[in-house]
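Take a look at this one chain, the form predicted on its own, written out in structure tokens.
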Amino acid sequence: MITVLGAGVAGLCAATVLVERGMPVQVLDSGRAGDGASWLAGGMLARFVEAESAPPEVARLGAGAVDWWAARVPGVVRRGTLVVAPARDMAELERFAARTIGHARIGADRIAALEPDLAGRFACALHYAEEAHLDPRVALQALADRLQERGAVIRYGAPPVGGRVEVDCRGIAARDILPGLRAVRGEMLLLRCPEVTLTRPVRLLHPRFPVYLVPRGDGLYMVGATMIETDATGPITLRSATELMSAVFAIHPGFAEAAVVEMGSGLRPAWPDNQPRVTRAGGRLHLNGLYRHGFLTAPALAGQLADLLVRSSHQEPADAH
């Protein structure tokens, strides 16, 4: 029995690949279902957009993510991503375009055709047509259900049962073994606004951080996310909430009437170079450092982890240095 620690996106993707390769798996999480950074994620499968600031390896790892998720969970929406900017920030849009591929530059008429509620709001935008998005909470539950249907065991708030831990996907909690990890705090809002209808993620370029709005269906929208270099936990701050609300109002003033359904914050694990990877340490394989790219990169990293586990199944892994 292979023990996987962590039932977030990294752990559930790793367990899924291992089970699909015929290995018996148990997934253990010291918290509860829904805890952790994965629960607060945007769920954007946006390898071209993320390449604007992410290491090149992130886009490479994310190349097959849309198809991987679509084959295993419901609700993967393939309608691309829109990147927009207010007129005063058009230089930011030009800079973004120069740093990315996979987009078409579109004008006001095309924006209105894609998203009628944005008609007249922006003069031009970048449309990344091959990108997709999903609801992380629906996707994670679907992965967990699928694992249990195939005989895997998932336990919350339970210590390991039988056998040593071989796979560690605990995110920032793994700093007890991986001291090189750092925490990046992200904060989000969940809004209900049936008065505004958008069908794809919209990223508004902002002088301090990119703000994105992701439709969840039934009038729900996730708004995120701040990127604050801190270990501080706790509720979202007033400053962050105000900035996120101001940004979503700039996308469409109809959000002034939105109901705030939820506010949340979490600590994303990141390596110094912001590149996620599979490593060995403490006698375990670690899938970690997913930063803000968990749903995009976890499937490919889970495949790498499974390959390593198979190759080393008869060897004692050495600690990483």
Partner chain sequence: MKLHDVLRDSRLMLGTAQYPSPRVLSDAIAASGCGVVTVSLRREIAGEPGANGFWPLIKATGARILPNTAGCHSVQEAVTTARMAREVFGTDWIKLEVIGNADTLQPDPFALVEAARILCAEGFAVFPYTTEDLIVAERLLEAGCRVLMPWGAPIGSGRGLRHADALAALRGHLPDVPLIIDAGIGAPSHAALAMEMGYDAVLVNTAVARAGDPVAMARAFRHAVEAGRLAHEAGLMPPRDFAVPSTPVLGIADLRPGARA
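Positions refer to the first chain, counted from 1. What you see is a predicted model, and the numbers here were worked out from it, not measured in a lab.
There is also a form predicted in complex with its partner chain; it is not shown, and the following applies to it.
- Annotation: in the predicted bound form, residues Glu50, Cys193 and Glu257 none come within 4.5 Å of its partner chain through any heavy atom.
- The candidate stretches are 213-221, 69-77, 122-130, 176-184, and the one lying within 4.5 Å of its partner chain in the predicted bound form by heavy atoms is 176-184.
- A single residue from the set Ile228, Val165, Met245, Val153 has any heavy atom within 4.5 angstroms of its partner chain in the predicted bound form; that residue is Ile228.
- A heavy atom within 4.5 Å of its partner chain in the predicted bound form is found for one listed residue only; from Arg95, Arg137, Arg110, Arg146, this is Arg95.
- Remark: Ser30 does not count among the residues lining its partner chain in the predicted bound form, judged by a heavy atom distance of 4.5 Å or less.
- When its partner chain is considered in the predicted bound form, Thr279 lies well away from it, no heavy atom lying within 4.5 Å.
- For Asp273, a non-hydrogen atom is located within 4.5 Å of its partner chain in the predicted bound form, even though that partner is not displayed.
- Mapping the unseen interface onto this chain, Ala232 counts among the residues with a heavy atom inside 4.5 Å of its partner chain in the predicted bound form.
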